[in-house]
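Only one chain comes next, encoded as structure tokens, the form predicted on its own.
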């Protein structure tokens, strides 16, 4: 009956997702606040229509959190569904093949049945909306086997700074047995997987200032430190010839996996040639002694996410700039602490600055790495659910991304999370032409009710 309901409502489910994707709910830019509120209200109204109770927009010091629940029997288990309706900025717009907030379906080699191209299609509107529609499906067929609560926030892409206080203030409201999250990926559409670990994050902005104004590069060049040149050298110095991060103490708390653990990780299918072909690169790059799967799953990183300064307009302007800026992210692994790493970075960056410039380090946001158990009842329920719909058992993997709230849920609510995502790493998350396969969207709606069924069984 569940699959019949899905088949009968596929177009409706897709049309509704398109409506949500058209809302530019960009949390990084205050200019989109009205769109943030519109997206939150859209989720709220669809939860009400699906049959949820006590649905509300919970105000925070930032963007609202959508909360709703369906308690069919307080003695039954409760699943807390988490997701986010905010999205990354869509710039640079000229690199999108179609407008980022006008969802379009196109076929690709990876998605021969078609993929939805739009900002937020995979991260996380498409994935969070699967849960709304899976809930609707269970309610329509009177098959919801346990209690469910929804907490959909609007600040995940900017660090979820108001989610912690909300959780602390609402522990009774959020009381549950497990958190279910779909904000991760699978290995391939024919190879399901479940993330059992995520890296943490330290995100920082740096500012390097030289002279008190922009200068003529002919008159002053060679005599005054150029902040762009200095910043480039400082960033480059943070990796040695083996691509090892040079910040003193950076690796002190890193948990090194055993040879057996690394061997288990590398059982996941991976085609290096396909990986390079997909990205159009001649060779991969990274820390010596580790392969791609290990570099992106169990090793910490430091990357420059953006760098700017001086004149970048049309034509030429021979200027020696007063300032240069960069945004830098560090992905962390157990047992690295984001606050400690941020402080290590700040101290090191300030110490390597030459006297001809001044440096300001501004921490933005961060989160802690997590490893979730693969022998828990909740994980086994997710494993069984994916095996039911994919026809093969999912492989446990370590995710390279960060979902800081997973550690927060464990710390503040005492809840473990199950990371049952359905996207693909090649879906261009955070990039131009982000997309999400129709297969993946519908497969998620099909699979989620089985998780509820198996989790409710003892």
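Residue numbers count along the first chain shown, from 1. This one's a predicted model, so the numbers in the text were calculated from it and none came from an experiment.
Keep in mind the form predicted in complex with a small molecule is missing from the figure; the text below concerns it.
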Residue-level question: is residue 123 within 4.5 Å of the small molecule in the predicted complex, judged on heavy atoms?
yes
Contact label in the predicted complex: residue 211 to the small molecule, heavy atom within 4.5 Å
no
Find out whether any non-hydrogen atom of residue 84 is located within 4.5 angstroms of the small molecule in the predicted complex, and reply yes or no.
yes
Could you confirm whether residue 195 comes within 4.5 Å of the small molecule in the predicted complex, counting heavy atoms only?
yes
Heavy atoms, 4.5 Å, the small molecule in the predicted complex: which of 111-119, 184-192, 71-79, 341-349 makes the cut? Say which one.
184-192
The small molecule isn't shown here, but in the predicted complex which of 136, 368, 156, 383 has a heavy atom within 4.5 Å of it?
156
Exactly one residue in 228, 176, 378, 201 has a non-hydrogen atom within 4.5 Å of the small molecule in the predicted complex; which is it?
201
